[in-house]
Each structure stands twice: as structure tokens, then as C-alpha cells.
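Listed next as C-alpha cells: two forms of one protein chain, kept apart as structure 1 and structure 2.
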Structure 1
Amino acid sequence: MEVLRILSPTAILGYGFPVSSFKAGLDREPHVIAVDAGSTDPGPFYLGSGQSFTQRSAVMRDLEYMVAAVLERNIPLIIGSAGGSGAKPHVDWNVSIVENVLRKLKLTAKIAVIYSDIDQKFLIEQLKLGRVRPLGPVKELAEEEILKSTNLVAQMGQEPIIEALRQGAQIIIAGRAYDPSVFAALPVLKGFDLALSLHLGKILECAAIAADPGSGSDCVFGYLAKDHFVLEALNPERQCTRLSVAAHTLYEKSDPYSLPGPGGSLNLRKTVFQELPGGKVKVSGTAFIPTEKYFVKLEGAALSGYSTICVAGVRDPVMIEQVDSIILEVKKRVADNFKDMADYHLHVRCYGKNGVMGALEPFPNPAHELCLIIDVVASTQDVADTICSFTRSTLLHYGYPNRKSTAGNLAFPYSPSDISVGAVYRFNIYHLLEVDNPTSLFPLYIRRTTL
């Protein structure tokens, strides 16, 4: 094979794509369709709770096109970080959607499911063996944090996916996977250069975000050759430019020259980005530097507690002037009233002042109106509801100095004013784990679906 062709339909499975772009991609006869479904961006709730940050019907819509296309052409479909976070509940959710799509299309397929969950006891053993280390500005991992995690995954490389391809899977649904791995698996299996395969995957995983104008809901096409790859946007309204592709290399990374992943890092010191006619960009020169030992990234989330919030506006200029001290006084009253309920966290956000940046805000000058959000997290929903309600009523009637508006301090846009949000989570594990074998943590199940 001289050139391997890859269709990346969308940045995240469920974000959608124009059918015309997808068809333009199929016209170019891809050898594989691959899509990344995951991100830690939406925060710890989704990993912690086992829920997806995309909606079932949106994922189903995208998959109907992809599943029909790959089965008709007898090429593989590879989905990475299924369900958004790639833990078992996410993967099973995604598998059930694929099965629904197959039933709807009256088709069967050989599907591979690769899990990425890490057993707590196993990780505690690994921790004791000194095989776990923090990733970036993170504390050393403690055994109790492992036990607190509600979902715990490791990020697979391309190796487990290659194994599924070897075994003839037509649709591969992988748990948490290094974003480029779903794109790199087939090329690496076919003997293409690892560095170029991964670098191409790194760009394709965000689909048309790397084009100009950028979009997370449009298709991009990759052509991988022996010593370079070429990117092409499939929508005539966009093109890949040298700058849009190079700029994308910066996106969500801390160092664009060295992009670490399972088993090593991509090195871009000698990468050349070259613009071709027709809105295409050619990339060459990227290297892969393997690490001495193979590390995978671990991600875990734990329950923070239960949340209740209340949204309220403030327009009174006398109150706005003193808003910080008023909030402080109200917090004191709440604490005094509920001395026995110490296990809550009360935070009043102040939009129009420093709601977006908090302590990082260099200009905390209040606007003429403010939006306050009373935000409580507590060990039970009942405590959170109670503290939020009491804070709201105290703030509503609080008699601050020089107050003229004695009927009430807050403008509530909603009735009910308080919203019980439910369980909220935090990222509590973000570490590297040394492994002996890139596939051993990721069990692979292959089966043929039935009609």
C-alpha cells in the first residue's frame, strides 16, 4: 500500500457533520473511518458518574452514517474513548447504540469491545511497587484516593486496537484511548511510520478544528504516505492552511514540540508544514522518541459531594459597592446557624466582578449589575439544599450598612429559586503507570452481532 487514506468525520462522536462533507470523504475511498469520542474537558462529572457528555440521539445519528458506510465498503470503523470518558458504563452505552444502529440498518457486524478500566486493588499493588508517578502539577498518588475513585481508567495506545484489527473486527469500540491511536492503529498495522501515523492522528482527532475556518462538527481527510502525510478539509467552505494545521499542534498541549503519549512522545523539532494547492497541507519530518519504559496515563474521578445552586441578580448600587463584605457576613451567619453541619462547602460566585476568573482576575471592578450564584457542595443532598436555602434567604434580607432597598436584596429569575444538581465529582487521579505490555491492561472481546 502506497498511501493509506483516513476519514475523520467529526471532532467528537455526536458533534455531527454535514452529510455532503462525509460523502466527499467516502468518494476519496478511505481505508478506515475513525473517530474520537472522548475528552477530559467537560470536567470530572462524566468520568465520575459514568455518564456521557454527548446525547444518545446525536451519537446515534453520527453512527448511522458511519456504520452503513464501513459495512458497505468492508473497511473498519474505530471509535476511541467511547462514551466520552471510556470507563465501562460509557463503553457499554456506546456499544448499545452501535447495536441499535445495526438493528435499524438490518445488518450484523463483527464488533470488538476493548475495556480500559483499572482494578483498584491492582493499582494499589502497582503503587506499592513504585510504578505510579504524578503527571504534571499533581500530588503523589495515595492508596485512599484509589479507593475513593468511582471510575478509574488507563489510556490505551494503538496496540490493543491493532490486535482487534488483526482479529478481523469491523467495528471497534475502545474505552479510554490516546486520541491519535484510533487513527494510527491501521497505518501502524500496515507498516507505516509510527511517528507520522500518530502525528496525523493527533491532527485528525479534532477533525475540522485544524482547518480554516475551524469547526468541531465537520470532516477532515488524511492521506498517509511513506515519508509524509497530507491533510484535506472536505467542506469547500474550509481549507487546511499551513497556519491552521501548525496552530492546531498547540491546541490543549503544554509543549508543541514534544507531545507525550503511551510508550513515548512525538517530537516536532524537525517537522515541516508545507501548503499545497487546493487547500491541503503536507507534513513531514516528525519523529517518535520511545520512553525506556512504557507508561500509560491513568484518569480517575471521585465523589466531591452533592450540589445545590441558586441564581440571583443584584442591581442596587449601594449593595454592589459592598458585595464582597456582604457575602462574607452572610457566610458567617450561615456558619453560625449550622454549627453542627461542618461538612459543606459554600461559595458565592459573583459574575460582573470576578465570576469567570476568581482569584486570577486582575480587574475585579463590579459592573452596574451582578449575577450571584450561591453554590453549595455537601456530603448529602439534604445538607446542600438546606445550606443553599438558608444562604439565599439570609442574603435576600441582609441589612447591610446604608441600605435603602429594605424590601429585598436579590432578583431571582426563577421559581423555584434553588436547583438541586445532584452528585458532583473531582479528578483525583491523573498519573502515569508503568506497564510491561501495552495490551495487558485492556481486555478485548470480539463477537458477531445478531439481527
Structure 2
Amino acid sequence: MEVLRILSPTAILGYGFPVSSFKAGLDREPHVIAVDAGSTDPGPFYLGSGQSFTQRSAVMRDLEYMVAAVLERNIPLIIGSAGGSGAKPHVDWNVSIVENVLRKLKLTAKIAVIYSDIDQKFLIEQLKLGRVRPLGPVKELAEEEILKSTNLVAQMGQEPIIEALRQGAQIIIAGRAYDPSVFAALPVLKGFDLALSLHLGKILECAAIAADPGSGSDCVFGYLAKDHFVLEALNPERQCTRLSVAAHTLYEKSDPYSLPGPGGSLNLRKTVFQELPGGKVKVSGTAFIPTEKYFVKLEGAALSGYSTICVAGVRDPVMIEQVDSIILEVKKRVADNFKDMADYHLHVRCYGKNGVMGALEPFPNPAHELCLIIDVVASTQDVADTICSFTRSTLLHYGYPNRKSTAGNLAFPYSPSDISVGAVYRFNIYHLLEVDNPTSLFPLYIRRTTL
């Protein structure tokens, strides 16, 4: 095989795609359809709670097109980070949708399910053996944090997916996976260059976000050859450019020349991006530098408490001018009123001043109107509700200097004004685990669906 063709339908399974773009991809006769289904970008709630951040009906819509296409063409469909975060509840959720799609289409398939969950006791043992290290500016992992995690996963490389392909799986549903892995697995199995396979996967994982104009809800096609790959947008309204592809290579990376992943890193110092006619881009020169030991990334989430929020608008220029001191005094009033209730955290976000960047905001001059979000996290929902309610009422009627009206300081867009959010989580594990075998942590199960 001189050229391997890969169709990436959408940035995340459930984000959708134009049918015309998808059909254009099928016209190019792909050898595999691969799609990333997850991310840590939406925050720790989804990993911690076991819920998906995409909706079931949207995922099912996308899969109806993909499943029908791969089974008709006898090519594999590979899904990575299934269900959004890739833990067992997410994977099983995604499996159930695939099975529903197959029943609806009256088709059968050989399905491979790869789990990525890490047992707490096992990880504690590995921690004691010195095989766990921090990833980035985080603390050394403590045993108590492992025990607090509600869901704990490792990020697989392409090796477990390759094993599923070797076993003849038609549809592969993988747990938490290094984003490029689902795209690189078949190429690596077929003998294509590892570096180019992973680099192509790095760009294909977000589909048309790598095009101009970018979109997470559109398709992109990849052509992988021996010493290069080519990217092509499938929607005539978009095109791949040298700038758009190079920029997306750096997406979510802190080093422009080194992109780390399981087992090593991509070295981009000799990478060349070349525009071709027809809105295509050719990429070559990328190298893979293996690490001395093989590491996988660990991701864990733990319960932080329960949250209540309140959204309110401020339009009075007198209040806006002194909003920081007003919020500070209100917080003092809350603390004084609930001296015996210390198990809560109160934060007021001030959009229009520094709501996004906080103390790092370089232009803190207030806008003519502000959006305040009272955000309380406490040990119970009742405590969170209580603190939020008291903060809201105190801020609503707070008497600041030169106030002209006593009718109220806040405008509420919603009634009820206080919203009980429920359980909230934090990422408590973001570390590397040394492994001897890239497949040992990721059990593979083969199942055949029946009508």
C-alpha cells in the first residue's frame, strides 16, 4: 500500500458534520474512519461523574452515518476516548449507542471494546515502587488522592488499538486514548512511519478546525505516504493552508518543537509545511524521539463538593467603580454571619472587568455593565444553597457610598435567581505512570452483535 487514506468526520463524536462533506470523504475511498470522542477541555465534572459532555441523540446521529459507511465498505471504524472521558461508564454508554445503531440499521458487527480504567490498589503499588511522577507543575501524587478519585484512567497509545485491528474488529470503541492514536493505529500496523502517522493523527483529531475557516463540525481527509502526508478539507467553503495546518500542529502544546505522547515525542524541527493546489497541504520531515522508558498519562477526578450559582447584572456606574471593595465587604458580612460554617468556598466572578483572567487581566478597566456570578462550593448542597442565597441578598441590598437608589443593586436574568448545580469535581491526578508493556493496562474484549 503506497498511500493510506483516513477520513476524520468531526472534531468530537457528537459535534456533527455536513452530510455532503462526509459523502465527499467516502468518495475518496478511505481505508479507515476514525474519530476522537473526548477531551479534558470541558473540565473534571465529566470524568468524575461518569457522564458524557455530548448528547446521546447527537452521538447516535453521527454514528448512524459512520457505522453504515464502514460496514458497507468493510473498513474499520475507530473511536477514541469514548463517551467523552474514556472511563468505563463512558465506554459502556458509547457501546450501547453503537449497538442501538446496529439494531436500527439491521446490521451486525465485530466490536472491540478497550477499557482504560486504572485500579486504585494497583496504582498505589506503582506509586510505592516509584513508577509515578508528576506531569507538569503538579504535586507528587499522594495515596489519599488516589483513593479520592471517583474515576481514574490512563491514556493509551496506538498499541492496544493495533491489537484490536489484528483481531479483526470492525468497530473499535476505546477508552481514554492519546488523541492521535485512533488515526495512527492502522497506518502503523500497515508499516507506515510512526512519526508521520502520529503527526497526521494530531491534526486529524480536530477535523476541520485545522482548515480555514476552521470548524469542529466538519470533515477533513488525510493521505499518508511513505515520506509525507497530505491534508484536504472536504467542504468547498474551507481549505487547508500552510498556516492553518502548522498552527493546529501546535494546538494544546507548550513547546513548538516537541509534542510528547505515550512512548516518546514528535520532533518538529525539520518539519516542512507546503501548500498544494486545491486547498491541500503537504507535510514532511517530522521525526519521533522515543523515551528511554514508556510512560502513559494518568487522569483522575475527585469530588470537591456541591455548587450553587447566581447570575446577576450590574449597570450602576457608581457601583461599578467600587465593585471590588463592595464584593470584599459582602464576603466579610457572609463570613461573619456564618462563623460556624467554614466548609464552603465563595467566589464572585466579575465579567466585564476580570472575569476571565482574574488577577492576570492586563486591562482591568470595567465595562459600562458587569455580569456577576456568585459561585459557592460547599460540603453539602444545603450549605451551598444557604451561602449563595445570603450572598445574593446581601449584595442586592448592600449600601455602598453615593448610591442613589435603594430598590436593589442587581438585575437577575433568571427566576429562580439561585441555581443548585449539584456535585462538582476537581482534577486530582495528572501524572505519568511508567509501564513495561503498552497494552498491559488496557484490557480488550471482542463481542459480536446479533440482530
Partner chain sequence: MRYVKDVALVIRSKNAGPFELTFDLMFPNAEIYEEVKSRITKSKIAKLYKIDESKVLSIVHFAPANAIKITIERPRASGDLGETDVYGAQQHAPLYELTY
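We call the rigid core the largest set of C-alpha positions that still match within 1.5 Å between the two forms. Numbering for residues begins at 1 and runs along the sequence of structure 1. All of these numbers come straight from a predicted model, not from anything done at the bench.
In this comparison the chain labelled structure 2 is the form predicted alone, and the other chain is not. After superposing the rigid core, the Cα of Asn365 is displaced by 2 Å or more between structures 1 and 2.
Superposition on the rigid core between structures 1 and 2 places the CA atom of Gly43 less than 2 Å from its counterpart. Interdomain rotation between structures 1 and 2 (smaller rigid part relative to larger, C-alpha based, rounded to whole degrees) is 6°. Relative to the superposed core, Ser405 has its Cα moved 2.4 Å between structures 1 and 2.
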